[in-house]
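Shown below, as structure tokens, is a lone chain in the form predicted on its own; questions about how it binds or moves come after it.
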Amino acid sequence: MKTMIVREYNTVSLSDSYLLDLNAYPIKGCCGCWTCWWKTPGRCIHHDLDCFYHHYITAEKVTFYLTVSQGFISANLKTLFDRMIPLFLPYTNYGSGESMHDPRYERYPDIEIFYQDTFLNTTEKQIFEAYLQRTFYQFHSKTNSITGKMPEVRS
């Protein structure tokens, strides 16, 4: 599988991709137990994202279709980001001049993000995009594009 789709809007899906629909799939919140780091490295005690972890780390590209909630990412997406911590090691390094978790895997997927542009002003939009850019930088992924433009519908 080369592509993975995480969506909160749109009906896009590809026949040869893994789809995580955040509207239809409830994700349990991180309980902060650190089991994913110390007791069962790389595996969360909640098993609701086991397939997601595998498909995310083996995908070449992950495409996100995001909604904007109160000028920021949705609670569902924030929960997903929090739960992605098993994909990294508990150790940190400062090689880039800032604290970053060491990668657990040799490679991470490239990221493409589409979002519903409902921002009231340019500053809100810039903060939203900068947050996503920084998040995936910390996740050791290359963010190819972040755009509020609606993509062409693929099936």
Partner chain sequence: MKTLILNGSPRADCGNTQLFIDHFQSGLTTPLPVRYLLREKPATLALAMNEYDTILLVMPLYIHAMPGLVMKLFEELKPQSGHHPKIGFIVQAGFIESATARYLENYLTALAYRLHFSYLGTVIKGDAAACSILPHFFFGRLFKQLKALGVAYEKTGSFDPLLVKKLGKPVCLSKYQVRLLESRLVNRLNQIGWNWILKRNGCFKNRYDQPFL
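Positions refer to the first chain, counted from 1. Please read these numbers as outputs of a predicted model, since none were measured by experiment.
Beyond the structure shown, there is the form predicted together with its partner chain, which is absent from this document and is the topic of what follows.
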> Hey, in the predicted complex, is residue 30 touching its partner chain, heavy atoms inside 4.5 Å?
Replying inline: yes
>> Taking its partner chain as it sits in the predicted complex, is residue 106 near enough to touch it, meaning that at least one heavy atom pair lies within 4.5 angstroms?
In response: yes
>> Whether residue 18 contacts its partner chain in the predicted complex should be assessed with a 4.5 Å heavy atom distance threshold; does it?
In response: no
> Is there any non-hydrogen atom of residue 57 lying within 4.5 Å of its partner chain in the predicted complex?
Replying inline: yes
> Within 86 to 105, which residues have a heavy atom closer than or equal to 4.5 Å from its partner chain in the predicted complex?
Replying inline: 89, 90, 91, 92, 93, 94, 95, 97, 98, 99, 100, 101, 104, 105
